[in-house]
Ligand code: UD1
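Take a look at this single chain, the form predicted on its own, given in structure tokens.
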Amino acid sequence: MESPRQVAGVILAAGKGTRMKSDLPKGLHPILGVPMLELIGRAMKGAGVARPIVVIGHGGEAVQQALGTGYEYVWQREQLGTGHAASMAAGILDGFDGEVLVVPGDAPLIESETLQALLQHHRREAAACTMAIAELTDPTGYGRIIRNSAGVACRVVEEKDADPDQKRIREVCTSFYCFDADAFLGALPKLKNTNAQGEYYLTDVPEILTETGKKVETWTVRDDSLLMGVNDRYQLAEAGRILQTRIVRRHALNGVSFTGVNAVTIGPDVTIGVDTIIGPGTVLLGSTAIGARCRIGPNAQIEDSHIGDGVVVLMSLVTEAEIGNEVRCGPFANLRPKSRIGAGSKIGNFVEVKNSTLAPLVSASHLSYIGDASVGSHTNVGAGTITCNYDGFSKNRTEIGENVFVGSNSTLVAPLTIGDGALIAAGSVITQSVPADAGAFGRARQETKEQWAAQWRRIKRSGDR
């Protein structure tokens, strides 16, 4: 059996996108935390594209930096149309024997399954070119598909070049193509810019191929939202809404409950375990993984973090952190990067943790800051406790052992070690290490003066200063 031919992909992403009104290159505008171009590139790779090529122009350096080394890049220094952009890729495709998928760089909702279906139709029909088309109620702005008397698509007329009869055609070109490489590379040099825009149109390639006797096919996309283009911020938001609906539906069908379906933000790379409940106002982004039987939200934001099973995160911010099983976090907690919270621990209201490891069954229930520290199991961190980790020049660590009791309103001045079983008296400022099972008292001795308060009030009321 003959093996499938290799597939290359060309993403046309050189345009400035002036309607976005932004200094950021159009293709780098994120949807649910992922740049549009990255979403398109993933779909291409998922469809079997072995050579993804990005045509860059405006902000090209930023695009290369954002997408990284998983792509080949070619420059379109002058934006002279989609055909001209595709021609920029011709040099690195010289000698390539296979199919070439060409897609726009502003269609982030495309899925790999759609591109695979386009490719399969192209192969099945042994076509030189296959255009993905759609039938729209309002085709304004799209190139219209012109068919000959035999019903074969023979050319595409752009909106600005169409006459009134052609503008009434509802069958449109969506700017997604599959070409045989030889036909594609042979047609590009024949493009002309004799049109209303004075540009080289990629939509002219099907007509060139038809005139040379090569087969041009169309493949109809039933869900035209898959091919939606983003040209302004409103369309960006609309694309985000559509993608979010897909993601929520996928999680819900896999056993996740949502108490506010239209009030969550969940990125495409997030994983969620069964029987987890996601509350309204919750934001889950990046490579976040949520375990089973969790309760996340309302109003929790978690990014690039790993959450175990049976965890509660309520009204809290979690960034690049790890939370073990059966942890309760919040409300109003802040877990910053490199925080690792052991199983069964409690991070309560207005507690901040940064670059610290808490062993299982640690309790920090209220109003505390734990930074650059390690805390042993079964240790209690009292309300108002802070680790003074920064001396104005460098960060210093605090090492707290197991079964330690840190009294409320304690200040632990790093570098510092507190041994297992130690007790820190409430209100203490601790500047020296504390041995295991010791008691540490770092506060002034209390002095009580009988009737002093009553005398003070009488003086204040009499006005005698």
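As the structure is a computational prediction, the values presented were derived from the model and not from experiment. When you see a residue number, it is the position in the sequence shown, counting from 1.
Keep in mind that the form predicted in complex with the ligand is not shown, yet the notes after this line are about it.
Out of the listed residues G297, G324, P104, P206, P104 is the one that sits within 4.5 Å of the ligand in the predicted complex by at least one heavy atom. With the partner omitted here, the residue from C173, L188, A373, V351 that has a non-hydrogen atom within 4.5 angstroms of the ligand in the predicted complex is C173.
When the ligand is considered in the predicted complex, Y142 lines it closely, a heavy atom lying within 4.5 Å.
In the predicted complex, G330 stays away from the ligand, with no heavy atom inside 4.5 Å.
Taking non-hydrogen atoms only, A85 approaches the ligand to within 4.5 angstroms in the predicted complex. Looking at E158, you'd find a heavy atom of it within 4.5 angstroms of the ligand in the predicted complex. With the ligand omitted here, the record of contacts in the predicted complex names 73-81 of 73-81, 340-348, 306-314, 110-118, defined by a heavy atom within 4.5 Å. In sequence order, A14, G15 are the residues of 14-44 having a heavy atom within 4.5 Å of the ligand in the predicted complex; the partner itself is omitted from this view.
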